[in-house]
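Only one chain comes next, encoded as C-alpha cells, the form predicted alone.
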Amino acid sequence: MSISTKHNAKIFRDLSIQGHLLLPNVWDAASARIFEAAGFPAIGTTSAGIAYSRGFCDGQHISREEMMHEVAIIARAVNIPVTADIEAGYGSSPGDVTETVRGVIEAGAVGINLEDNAHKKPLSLFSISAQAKRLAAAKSEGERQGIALTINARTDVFLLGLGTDEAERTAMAIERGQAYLAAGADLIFVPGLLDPRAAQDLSNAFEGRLNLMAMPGAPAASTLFNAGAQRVSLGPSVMLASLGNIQNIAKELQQTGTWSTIEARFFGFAEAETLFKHR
C-alpha cells in the first residue's frame, strides 16, 4: 500500500468526522477528474454508474474483479480520496467482504459503502446479525492492512419501502443502524430517505453519523445537513443526468440533424485534455 493511500485515508476519515461533506459519485476517470478540478475534497464511486458504463444492470451483476478494476482506474486518476461503492460485498459471507475490502485497498480507495440488501428475490435484507458480522469483517481487514478505512453501512429499508409506514421504516432503520455502528461502521447510509423530520430522528439515534443520498426532488444539501446528515452523496444521479443529455443529443440528431444540444453543453477538447495533461 502506498503512503498516499494511507494519507488519503486519514484525510477522508477527518472529512467524514468533520461533517457537512457533499460527496459526488463518479463512474470513470473523466468524471472523477472533473469533480476534483471543481475543488471537491473527495469523491465516491457509483456502482450503478460503473455497471451501466460496462453494459450491466445495477445490483451486483458486475463481478468483483471488474468492479475493482474500475475503482483502481478512478483512484489513479485523482489525488483526492476515493471511497468505493461495493454494493453488498460481492458475496454473502464475511469472508467475501474481507476479499472485496482487500481489493478496494489494493485499488487505492480508502472507504467503502456496504449495503444490507441481499439481492435475492423476493427482495430482502441480510439479518441484522449477519450484516453486523460482515461489517466487522470489513473493519478487521482495514485494520489488518493498516488503513483507517471509513465504513459507510447502507441500509435499504427506505429504498425498498419496507414496513407499513414511515414510522415503522424509521424504527427499522434505527435498529439496524445502531447495530451496524456497534459492529464498526462509521456512518449509516439511508438512501431513499428525503424527509428532513425523519432524517433528524435518525441522526439523533446515530449521534449524527448519517449519510443521505440526493436525487431529483430531494431538498437542497443545506436542508439535509441542517436535518442532521453528516454526509450527502449523489449516488448515480450525475451519471443518469449525463445519460439524459446523451439521449437528448440522440433525439435531436435523429429528428433534425442538428447539434444545438451538443453546443449548449460542450465541454471542449482543450478542457478535456487539460484534465489529464499533468498525470
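These numbers come from a predicted model, not from an experiment. The first residue of the sequence shown is number 1, and the count goes up from there.
Here the subject shifts to the form predicted in complex with a further copy of the same chain, a form of this protein not shown in this document.
Engineer: May I ask you to check whether Asn245 falls inside a 4.5 Å heavy atom distance of a further copy of the same chain in the predicted complex?
Structural biologist: Asn245 belongs to the contact set for a further copy of the same chain.
Engineer: At the 4.5 Å heavy atom threshold, is His20 in contact with a further copy of the same chain in the predicted complex?
Structural biologist: Judged by the heavy-atom cut-off of 4.5 Å, His20 is well away from a further copy of the same chain in the predicted complex.
Engineer: Is Ile128 close to a further copy of the same chain in the predicted complex, meaning a heavy atom pair under 4.5 Å apart or at it?
Structural biologist: Ile128: no, not in contact with a further copy of the same chain in the predicted complex.
Engineer: Closest heavy atom of Leu160 to a further copy of the same chain in the predicted complex, within 4.5 Å or not?
Structural biologist: Leu160 lies outside the contact set for a further copy of the same chain.
Engineer: Go through 53 to 72 residue by residue and record those having a heavy atom within 4.5 Å of a further copy of the same chain in the predicted complex; state none if no residue qualifies.
Structural biologist: Read in sequence order, the residues that approach a further copy of the same chain (within 4.5 Å, in the predicted complex) are Ser53, Arg54, Gly55, Phe56, Cys57, Asp58, Glu70.
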